[in-house]
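Single chain ahead, written as structure tokens, the form predicted alone.
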Amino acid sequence: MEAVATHCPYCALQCAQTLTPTPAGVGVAGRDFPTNRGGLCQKGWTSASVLRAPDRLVTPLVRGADGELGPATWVEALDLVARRFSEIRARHGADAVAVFGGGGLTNEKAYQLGKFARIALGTANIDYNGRFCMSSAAAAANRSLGVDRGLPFPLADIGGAAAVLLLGSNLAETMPPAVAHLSGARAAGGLVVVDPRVSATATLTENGQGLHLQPVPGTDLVVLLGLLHVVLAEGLADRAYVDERTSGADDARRLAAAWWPERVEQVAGVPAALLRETARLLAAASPSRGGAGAYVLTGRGVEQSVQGTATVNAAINLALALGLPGRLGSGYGAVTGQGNGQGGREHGQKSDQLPGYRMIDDPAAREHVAAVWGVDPATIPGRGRPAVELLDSLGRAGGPRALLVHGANLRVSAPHSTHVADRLDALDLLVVCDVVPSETAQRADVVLPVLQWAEEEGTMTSLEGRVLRRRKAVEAPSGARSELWVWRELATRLGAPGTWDTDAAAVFDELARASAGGRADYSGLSHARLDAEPDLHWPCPATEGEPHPGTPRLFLDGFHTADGRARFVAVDDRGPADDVRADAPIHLVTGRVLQHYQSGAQTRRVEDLVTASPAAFVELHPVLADRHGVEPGDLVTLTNARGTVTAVARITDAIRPDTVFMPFHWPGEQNVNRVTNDATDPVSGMPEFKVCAVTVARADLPAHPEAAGPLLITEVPA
């Protein structure tokens, strides 16, 4: 049995692995690669366990007259789905059938799903869970830098920098192998972590290795405005770079002028002296001052907000003022979350995009893609609803009556999840393609068993724009099928135009043609080339002569804007949509734990991971716990107008006294998304997962009056 070189099925780091099938299962080994250098996290080491999940889906399921899911043949299930889709479209119109995709799908499947939605179903209503992940960073990068690629440089470049400002990302738990790339900044005392918790990543700044800024939740934009204020006020900006390579600096400067450090301290709770120290540290490391390099990086903690796009633009503004983007050894980047969060949004799953990162309302883009698909451009629908709006419209008058879900567990992962569950229940037809019976699949009308990562060929695009080969290592259960096959079968039954290949290499070749000339141009790539050259980054256009070498570093010769200049985007703070108040006095922040991933549908089926992290918890500061009579191990209830969630208390001084933390990997009463806010960013459509207001009570006691007032804490106790 041969060893197979592939990549981890989880996050966007896409650590390189070697899988070795054996009679006892599949062995997993780390493989040397620029991102993970042979290392894996606990999820990666145990990833093969999901291949042997005891409840693996191996036959289609159809809900019968008794209300229960029962086995069906593939012909029965697909005939039913095609017939019901056709009936619903005939009665309510094409947009009455919607599609929801996932950031874990391969590039080939993301591409084919977008094509299936638009020309087989004829619906505009397609979006995906990447709307919950990278949409704010994408929107901000597009309007400032002209293109969205999570890291517009190789991750390894960060290792040479003397300073790294990391906002809203707990890399030590979400992407442990990436921590090695922070070693240079730590050695120079230049790692700056912005997080309301003393997270595992924040502890990396201890012992003189950097600084930890612990702001009030929802005030990251204020912190960034304060840092820009100091850079400008103290003459730390790279004036030559700003003049030669950017535009719009004056408007951004005027808004930042109002955020002097002492005002920031009052709002965000970060000491003014610490803000000044951070700005000076970043400036000293910047190229204009002869430093070794500096990076500004953002993650979901600051992006999943109603002002997430503005916050990322503030981070880019700071980087531009320091002269970092488009310089070797410095820059701005967003730490992409999902395994194919980058490729998943480039090739057609987003409601407003066509393959190659083309916008769906651009006539030239429509004409190009239509030619590849063999259809009239007029038959391609226009913009659809972004994810939160789409989910809210399900089952309503004028909204979709049927939903096809791939690679998402909406009953656990969506904000205000009880409301989303109600909307799913209001549908006439819910079809879910999955590997295991997720909470969403368990309530579907039809469940179709599909392949998982080690059972299929394809490509993924990592957080640094590196296009990677996913390779088949084991045979799938006999009853499971590739989504490419499922869509071909449905397209045939629906009488769809065009070709519907089931071979991933052929689908990639079509994707490459559709992307040609777009911002995310893959036209110079193929499975064969990626097998021979496993280190290629997009854009990689087709060429007449020597093959294009790919583009590991963007912006060195100019930005992808009309005039080649990066744009400062003037932004100001307006605070979170659901801020603390008398009837909800405590901030709730959410995030991941080391052992689990996303909704936990995969990792909650791995014994070693469940043993290490069996259940959700609520993290409280001792001051807050004492105020509510909570002891370690007590059940704690968090409540707001959207719902209630209950989990075990963990008492720690690693969090602000005015804040509680809860991870989001569990269903039922432990599902923190029952209370998270579905208010959205007006630019990106990103929901405000990361901060909302709650009451806190021991589960067996009502909240008492003296505990109801807000905790007025503006500075974290030492």
Partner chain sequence: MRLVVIGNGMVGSRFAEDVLARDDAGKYDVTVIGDEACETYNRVLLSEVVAGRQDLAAITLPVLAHPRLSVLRGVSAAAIDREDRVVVTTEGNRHRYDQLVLATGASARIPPLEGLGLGSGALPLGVHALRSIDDAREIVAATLNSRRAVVLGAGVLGVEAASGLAQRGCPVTIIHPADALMERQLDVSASTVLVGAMPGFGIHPRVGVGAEAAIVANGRLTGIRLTGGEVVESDLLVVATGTVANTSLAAAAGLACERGIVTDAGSATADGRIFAIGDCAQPPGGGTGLVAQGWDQARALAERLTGTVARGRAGGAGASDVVRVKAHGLDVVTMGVCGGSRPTDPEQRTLSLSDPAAGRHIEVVVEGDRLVGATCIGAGQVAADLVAAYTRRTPVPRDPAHLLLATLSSAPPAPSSPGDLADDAAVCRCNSVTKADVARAHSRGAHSVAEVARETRATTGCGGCKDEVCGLLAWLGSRDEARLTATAAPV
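If you're wondering where the values come from, they're calculated on a predicted model, not measured in any experiment. Numbering follows the first chain given and starts at 1.
Same protein, other form: the form predicted in complex with the partner chain, not shown, and the subject of what follows.
Engineer: So, Gln266 and the partner chain: in the predicted bound form, are they within 4.5 Å at any heavy atom pair?
Structural biologist: The answer is yes: Gln266 has a heavy atom within 4.5 Å of the partner chain.
Engineer: Spell out, yes or no, whether the shortest heavy atom distance between Glu483 and the partner chain in the predicted bound form is within 4.5 Å.
Structural biologist: Because no heavy atom of Glu483 falls inside 4.5 Å of the partner chain in the predicted bound form, the answer is no.
Engineer: Would Gly150 count as touching the partner chain in the predicted bound form under a 4.5 Å heavy atom rule?
Structural biologist: So Gly150 does not count as contacting the partner chain.
Engineer: Applying a 4.5 Å heavy atom distance criterion, does Asp678 contact the partner chain in the predicted bound form?
Structural biologist: It does not: once the partner chain is placed as it appears in the predicted bound form, Asp678 has no heavy atom within 4.5 Å of it.
Engineer: Check Gly39, Glu173 and Ala180: does every one of them have a heavy atom within 4.5 Å of the partner chain in the predicted bound form?
Structural biologist: Yes, each of Gly39, Glu173 and Ala180 comes within 4.5 Å of the partner chain in the predicted bound form.
Engineer: Between the options Ala647, Leu468, Ala72, Val306, which residue brings a heavy atom to within 4.5 Å of the partner chain in the predicted bound form?
Structural biologist: When the partner chain is considered in the predicted bound form, the option within 4.5 Å is Val306.
Engineer: The partner chain isn't shown here, but in the predicted bound form which of Ala233, Ala156, Leu80, Leu494 has a heavy atom within 4.5 Å of it?
Structural biologist: Contact residue from the list: Ala233.
Engineer: Thinking of the partner chain in the predicted bound form, which stretch from 338-346, 428-436, 197-205, 540-548 has heavy atoms inside 4.5 Å of it?
Structural biologist: Only one stretch qualifies here: 197-205.
Engineer: From first to last in sequence, which residues of 616-649 have any non-hydrogen atom within 4.5 angstroms of the partner chain in the predicted bound form?
Structural biologist: Contacts from 616-649: His621, Val623, Asp626, Arg627.
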